[in-house]
Every structure is written in C-alpha cells, then in structure tokens.
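As structure tokens, one chain now follows by itself in the form predicted on its own.
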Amino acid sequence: MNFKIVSDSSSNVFTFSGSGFEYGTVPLKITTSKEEFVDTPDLDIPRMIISLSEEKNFSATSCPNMHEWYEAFKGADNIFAITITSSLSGSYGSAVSAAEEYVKDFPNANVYVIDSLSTGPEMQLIIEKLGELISSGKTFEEIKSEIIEYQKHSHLLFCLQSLANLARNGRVSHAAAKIAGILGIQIIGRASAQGTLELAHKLRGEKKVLNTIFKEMEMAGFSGGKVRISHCMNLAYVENLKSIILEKYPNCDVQILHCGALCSYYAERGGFIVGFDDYSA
C-alpha cells in the first residue's frame, strides 16, 4: 500500500521527496479588491507584498475546498494531510470532509488529517517527521501514533514588524496594529497549545529581538534540535538568528526558507516564523 503526504501551502513546502511516499500541496489564496494570489511556488511574492501595501479597501485569505483536498488524495492508500491551525482557517475542516468522502469511495484507504495547531516551519517539521517515519517502513497506525507524540515536542515563534493584515482579518485589534506601526515596534509571539496566536513581547532593536526569540526557544525546551525559519524578505535578519543558534549549538540542524504567499500575508514584509523541536541534537 502506497503512502502520500499532503499539506496545504501554509507549510511553505512545495516539493518534498523521500523513500516510499509521494508529496502534494493544495494552495490557499489571498484576495484583494483587485486580484487574487494563488499560493504556488512560482508566485511573485514581492509583487504581492507591494500590491497588499497599496490595498486600501479589502484583503482576505481563503482555504482549499473539499474537492481540492480530495483530488490531492487520489492515487494513495495511506494518506497523511497537514493543515494550518484550525483556529485561523477552515482548511482543516475541508480536509476532514474530503477524508470522509475519500474513505467512502475507497474503503481500504486510511486518511489521517493533522491539525498542525500552527503554520509555516512547524508544519515543515511535521512533514519531515512523517517522511522519516514512512521511509523507515512503519505502519500507518504506528506513524499516526508517533506523529501525535512528535507534535507535543514541536513549537512555533514569530516576529512581526506589522500587524496590519492580522488586524484586517480580526486576529488582533486595529488599535494594537496602529500603535505598532507608528512606534516601530516588533512583535514576538507564539502559537499556543490550542493553535491560537499569542503576542508575548513588544520590542525595538534587532539584537534585543533576536536574543529574546532565542531565550523563548530555550524556555520552550530547545536544546539543539531541528530549527526551520521562514522569512518574508528579511534574509539578513534571520541569518543573524541562525548564527546565534549555532554559536551555542554548533551541531544544530537549522534551515532557512522564504515564506510562501499565505505566510507572507500574515508575516508581512520583514516578518519571520521559527519552528523548532525540543529534542537534543
């Protein structure tokens, strides 16, 4: 029986390969009053960011529908689907509905939909763990059990220089977004155990921001395990964070990626997201 891993595009992972499985992505979309941006790897993110900064009336995100998830499942008997946190999107609900229909049509199939309770690089860590478990030859139920356990050890932090799009979509107050913009404050937050966004610190200055993020990582149990960082047009900044991590944990596996469209929409220009686990190197 063949395996397939399917993620919505908020993972920022569009290609992924390994032994014994296929990988697929279903895109989310960002809509303004003038155009729609589909979250695919060939999307011009800088152009989208400029367009969003000029938008005065409306912008919103939309999740993959049930049909899109169903089509992505096709051709596999054992399927693991990973979605952005259900507290921010209907992607999880659409994937669950697609899984129910797929199992009706293919009674011998197994589908497990994972609510990441997160987004971006923490989803990437889950995808990588699934690939590792599938490649090791474990059964569907063994993989399901181990990925549930792994989620207890993965974490996500984020740093934002603007809260405009979060406010526009009701995630934070417009007053908080306006104050942050005027004062040049950077916001550090985390994904809670329930998958909601928690704002933790309001800071100025790169050194203070990066040191605070690293401190937050260690407080969450980080001790040199995997780190995945996704950024929106701020490579130099996150390279400095990588250097701080490697200075203390030289054997740490740290990777940097660009945010896709959905994560760029919420992170906005200069924002970045850090996924990590609390295992040792």
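What you see is a predicted model, and the numbers here were worked out from it, not measured in a lab. Position 1 is the first residue in the sequence shown; the rest follow in order.
Form predicted in complex with heptadecanoic acid (X90): not shown, discussed below.
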Which single stretch, out of 67 to 75, 140 to 148, 99 to 107, 194 to 202, brings residue heavy atoms within 4.5 Å of heptadecanoic acid (X90) in the model of the complex? 194 to 202
Out of Ile49, Cys63, Val238, Ile213, which one falls within 4.5 Å of heptadecanoic acid (X90) in the model of the complex, going by heavy atoms? Cys63
Go through Ile187, Val111, Leu117, Leu133 and name the one with a heavy atom inside 4.5 Å of heptadecanoic acid (X90) in the model of the complex. Leu117
Taking a heavy atom within 4.5 Å as contact, would all three of Gly90, Leu262 and Tyr266 count as contacting heptadecanoic acid (X90) in the model of the complex? yes
According to a 4.5 angstroms non-hydrogen atom cut-off, is Phe80 in contact with heptadecanoic acid (X90) in the model of the complex? no
Answer for Leu125 alone: is it within 4.5 Å of heptadecanoic acid (X90) in the model of the complex, judged on heavy atom distances? no
Taking heavy atoms only, is Cys232 within 4.5 angstroms of heptadecanoic acid (X90) in the model of the complex? no
Although the partner isn't part of this model, could you tell me whether Leu28 comes within 4.5 Å of heptadecanoic acid (X90) in the model of the complex, counting any heavy atom of the residue? yes
